[in-house]
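Consider the single chain below, provided in structure tokens and representing the form predicted on its own.
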Amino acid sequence: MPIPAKAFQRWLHGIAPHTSTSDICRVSGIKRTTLAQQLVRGKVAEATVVSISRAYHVNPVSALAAFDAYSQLADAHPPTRSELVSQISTPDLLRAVLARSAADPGGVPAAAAPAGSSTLDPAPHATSVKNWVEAIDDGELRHRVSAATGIAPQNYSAQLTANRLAPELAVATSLAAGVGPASGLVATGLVTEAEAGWPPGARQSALDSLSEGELTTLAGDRLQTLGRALRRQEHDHEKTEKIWENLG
């Protein structure tokens, strides 16, 4: 849900008083025309608030929590292990499987990272949103989100398929699942793990805590999902080629 322009301007005056719009856009990397259009429409995008917050060294999650629509973000909760694992990319999972398969007789992975360190790709990844929702879904989550927000289930599913979720839906999903309200914003890439208060190395620790069976099963599930997606793409490509051939 975009931020009301009046509320945004009050917030902006609080963090950057006596600063011109040109200077704000310059330091935050936002196009002046973009900000002007948002103000004229009376709705400022959450990404704009995040960019300006970072430029002025304000935590973006705290900044969003200052607005009524996102006040729930002030109630921080640590991510669950399943959420952390959902934000590990498939390539990283496969690398972990290979590392464990190369373990020495004592069962210590040959390429194990030092405790507390992380060699993982930063979140989000190619299927981070869908994986996150699946990780916190008890089977009724989508229905609760639909009832709470009014979004049609098929429209919600379409966003997940596209690996995106509007910020207000991401927060609503977190609340409906009873997890930290900022977790969905990490999965969508609006804020970083650190900005959401995730402990350093938390994803790596969650990965290390998986048993070999859990890790292998998870990697296998991810590969199956990837395989289905690739087959659909190939099928669509073949159909497109046939259409062009018939037209040609």
Partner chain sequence: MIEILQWSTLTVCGLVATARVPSALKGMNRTLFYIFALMTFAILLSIQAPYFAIDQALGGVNAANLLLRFVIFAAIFFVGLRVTRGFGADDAYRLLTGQVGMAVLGLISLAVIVLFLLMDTAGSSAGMGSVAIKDARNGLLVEYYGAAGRAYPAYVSLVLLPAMVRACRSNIPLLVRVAAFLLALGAIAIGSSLSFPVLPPALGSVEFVINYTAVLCFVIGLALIWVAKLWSERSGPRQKTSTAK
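Since this is a predicted model, take the numbers as computed values, not measurements. Positions refer to the first chain, counted from 1.
As for the form predicted together with its partner chain, it is not shown, yet the points below apply to it.
Q: Tell me whether 226, 233 and 240, taken together, all sit within 4.5 Å of its partner chain in the model of the complex, counting heavy atoms only.
A: Yes, the whole candidate spot contacts its partner chain.
Q: Just one of 75, 121, 140, 168 has a heavy atom within 4.5 Å of its partner chain in the model of the complex. Which one?
A: None of the other options qualify; the answer is 121.
Q: Taking its partner chain in the model of the complex as the reference, which of 126, 158, 98, 147 has a non-hydrogen atom within 4.5 Å?
A: Exactly one residue meets the criterion: 126.
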